[in-house]
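Before any questions on binding or motion, here is one chain by itself as structure tokens, the form predicted alone.
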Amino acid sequence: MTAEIEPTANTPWVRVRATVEALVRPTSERERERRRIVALCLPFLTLLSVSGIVPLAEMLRMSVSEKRLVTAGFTLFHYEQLVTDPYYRTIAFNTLWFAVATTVASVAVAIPVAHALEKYELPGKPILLTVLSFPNSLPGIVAAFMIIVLLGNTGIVTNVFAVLSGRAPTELATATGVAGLFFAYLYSMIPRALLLLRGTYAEVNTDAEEAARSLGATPFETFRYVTFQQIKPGVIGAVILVFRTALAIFGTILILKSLLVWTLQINRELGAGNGFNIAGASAMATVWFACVFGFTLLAIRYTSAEVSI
């Protein structure tokens, strides 16, 4: 006859049961507050579990599958391939340098624009804000098409330069080159950085700026030593937001295809040309998720700006 073992007070099972009982039948104001928090967050937590955690776990499982079309066995072959194959290392390098370049350019452009919008009275400011924020609502495919309209073989800008230089439009078209893709990224990224920076500018202590000016500081010195120090968390937040978005953009790169980056290769792995390599695509997606999540966790420690993980 086997003696039944009673759970002790320190076991995880006892703590979980006590937590559940406190949520169901709270006896203090603190426990009732926790129950309200759980009730408010329950719909999102359910959605996160169903559409977030479960697919991620399944994606991780498929990435170590020995079979291409079914989940079976265990192998690290696809991860080893991502590290050792020069083809995939080149794609990783392309993804990183292009994301860094577009992030630096986007934030560098957004800072003076945010400064002008928040520090000066501009005519037609509501209309200007609407125009500047409009790209946030555009899908990447539309942004890519707009670049083709401007910089393609029959693009407006291309033909203007062709008339001025006497060269053929096909020689000047850059829409399907790296330069065209760069401008398409900027078109999508600058409004995102601007949105975050404008919120940071609203919290700047203008008394400190006026004190610096009264002590003889030039406008540039005031910005460098007073304003920029206050908006630095927003700048870091904008870098996080833009860099992460640059790594994730797919619609724009799908149309222009001028640079082979990580998201585009994931799409190719799932195509017939690569034999529907679901395991390989899952490994690439898992690496992408781990890098973006880790980067966000690391970078968000250096900013108080609201950048969601």
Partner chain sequence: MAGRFRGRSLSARFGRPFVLFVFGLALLFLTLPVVLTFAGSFATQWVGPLPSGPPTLDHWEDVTMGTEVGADVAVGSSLIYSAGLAFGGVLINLVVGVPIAYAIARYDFVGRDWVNVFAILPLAPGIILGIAFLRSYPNLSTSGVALVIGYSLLKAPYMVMAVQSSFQSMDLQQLEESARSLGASWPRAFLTVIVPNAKAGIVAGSIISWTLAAAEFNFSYIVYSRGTPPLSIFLFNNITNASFLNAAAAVSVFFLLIALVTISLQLVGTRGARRRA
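Numbering follows the first chain given and starts at 1. Note that the structure is a prediction, hence the values are computed from the model and not measured.
One more form of this protein should be noted, the form predicted together with its partner chain, which is absent from this view; the next part is about it.
Sort through A116, V100, A168, V83 and report the residue having a heavy atom within 4.5 Å of its partner chain in the predicted bound form.
If I apply the 4.5 Å criterion carefully, the residue I get is A116.
Using heavy atoms only and a 4.5 Å cut-off, determine which of A208, A92, V109, L172 is in contact with its partner chain in the predicted bound form.
Exactly one listed residue reaches within 4.5 Å, namely V109.
Out of 185-193, 75-83, 92-100, 229-237, where are the residues with a heavy atom within 4.5 Å of its partner chain in the predicted bound form?
Partner-contacting stretch among the options: 185-193.
In the predicted bound form, does V20 come within 4.5 Å of its partner chain, counting heavy atoms only?
Result no; V20 lies far from its partner chain in the predicted bound form.
Heavy atom to heavy atom, is W13 within 4.5 Å of its partner chain in the predicted bound form?
No, W13 is distant from the partner.
Within 4.5 Å, heavy atoms only: does P219 come near its partner chain in the predicted bound form?
Yes, P219 lies within 4.5 Å of its partner chain in the predicted bound form.
Mark G177 yes when one of its heavy atoms lies within 4.5 Å of a heavy atom of its partner chain in the predicted bound form, and no otherwise.
Judged by the heavy-atom cut-off of 4.5 Å, G177 is well away from its partner chain in the predicted bound form.
Going through 136-153, which residues have a heavy atom within 4.5 Å of its partner chain in the predicted bound form? Please give them in sequence order.
Residues within 4.5 Å: S137, L138, P139, I141, V142, F145, M146, I147, I148, V149, L150.
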